[in-house]
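One chain follows as structure tokens, the form predicted on its own.
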Amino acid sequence: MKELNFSQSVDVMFNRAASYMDLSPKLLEKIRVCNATYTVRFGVKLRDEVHTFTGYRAIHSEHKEPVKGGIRYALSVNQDEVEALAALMTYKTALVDLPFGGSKGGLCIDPSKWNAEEIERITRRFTFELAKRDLIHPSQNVPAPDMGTGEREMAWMVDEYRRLNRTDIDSAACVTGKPVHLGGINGRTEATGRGVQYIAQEFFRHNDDKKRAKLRGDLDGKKIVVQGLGNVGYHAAKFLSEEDGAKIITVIERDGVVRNTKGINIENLKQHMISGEPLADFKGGKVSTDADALSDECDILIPAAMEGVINKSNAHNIKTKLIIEAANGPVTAIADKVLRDKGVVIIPDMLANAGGVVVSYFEWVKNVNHIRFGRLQRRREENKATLLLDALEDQGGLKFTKKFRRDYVDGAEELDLVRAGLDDTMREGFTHIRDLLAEKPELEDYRTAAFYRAIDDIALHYRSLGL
């Protein structure tokens, strides 16, 4: 079979789940198609010349508003890609029960070719082009960071939006992923990687799920291959190795592959990469330029970079028991079929990497409500806990260590609440999929069940409107 592009792969996976549903073809088509895609072309004078840039903002579904989805900066950005990513955002927010529709955007640019001042000017002009069409707006369309963008770009975007909308009291909510001092939220930078960790932990709590993947025990000692050590891959690998005892035996990057059967120190590797030193000089593992590292034998494979990295050409060589899709669309539809036939279990992207949009939701709520999480209840919680321990010591004859008192009494700060909310949301999302598979075993795999759940949720919304 001919390999499908990203958008076609998403449609194939959608149609597979839809085939099990008793919904009219017309309604399914309404759910599947992208509502609108806007292309903007604008010029910015840089280095004594006018450079023209092309940007996109796709709106897949407005069944709930605002629509939500990141903006990426990469030369690979095109209409097909942003439409496929927008569709995944719709299904993702439906699966984890967020009040958003799906959107995605991108700018066709190589960020490494421009300095910070130039990127700022380009970003501000892109923001202007989107904002005047309400494609950045707290109640209509809320972007976030994606590949090639981060807190810095979001700070420029929110500042530009405020310049254009001086009387909008909710202007901080026009984007998420901002620096904390500009209305961002603690835990957003790590959110997607943290969500990958939480979904892995939840998977290993269920013996029947582990049996499905031919795995035993917990995450401790499990051999993991990570493809891509950007923001998502780095945090996922760091948390799984440092907090759960997993061994990151292979890290695949553009400049080469690092292997260490005893486990790679992820923080050391990341700091080495940040330093600008050649990857070949890293001392914490064997470095090579092996193009087939995705086929390294492992317990868990975490693709955390680009879409389509596991495809028709290499799916047959994959030697893992469990794939956790930290990137969007890393497995093509054809590869998905090959891996399912081989018995590889896949936790799909629309759940596995939902941590980013979940915490973006928390940030958006914080901005709209104009109050940080924990501000009202923290000291009240501490006072009540202190009263309880004091009473138990004075009247019950008990004695508590200073460490226990500190751990028990400390009220939840914003980061504590964000992590607790993220953990709960990821667990609940996985529970939805597990329960649906138990109810409808013909769905067979997590991805099909996830699509089924998301489509059913969106269809329920439309049916309630009489469609």
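Here the structure is a predicted model, which means the values were calculated and not measured. For every residue, the number given is its place in the sequence shown, counted from 1.
A second form of this protein, the form predicted in complex with a small molecule, is not displayed here; the remarks below concern that form.
S.K.: Can you tell me which of 197 to 205, 260 to 268, 213 to 221, 89 to 97 lies within 4.5 Å of the small molecule in the model of the complex, counting heavy atoms only?
M.R.: Answer to the contact question: 89 to 97.
S.K.: Each of 69, 328 and 356 near the small molecule in the model of the complex, meaning some heavy atom within 4.5 Å?
M.R.: Yes.
S.K.: Please pick, from 246, 249, 130, 144, the one residue with any non-hydrogen atom lying within 4.5 angstroms of the small molecule in the model of the complex.
M.R.: If I apply the 4.5 Å criterion carefully, the residue I get is 144.
S.K.: Residue-level question: is residue 137 within 4.5 Å of the small molecule in the model of the complex, judged on heavy atoms?
M.R.: Outside the cut-off, so no.
S.K.: Do residue 235 and the small molecule share at least one heavy atom pair within 4.5 Å in the model of the complex?
M.R.: Residue 235: no contact with the small molecule in the model of the complex.
S.K.: Within 4.5 Å, heavy atoms only: does residue 188 come near the small molecule in the model of the complex?
M.R.: Contact with the small molecule, yes.
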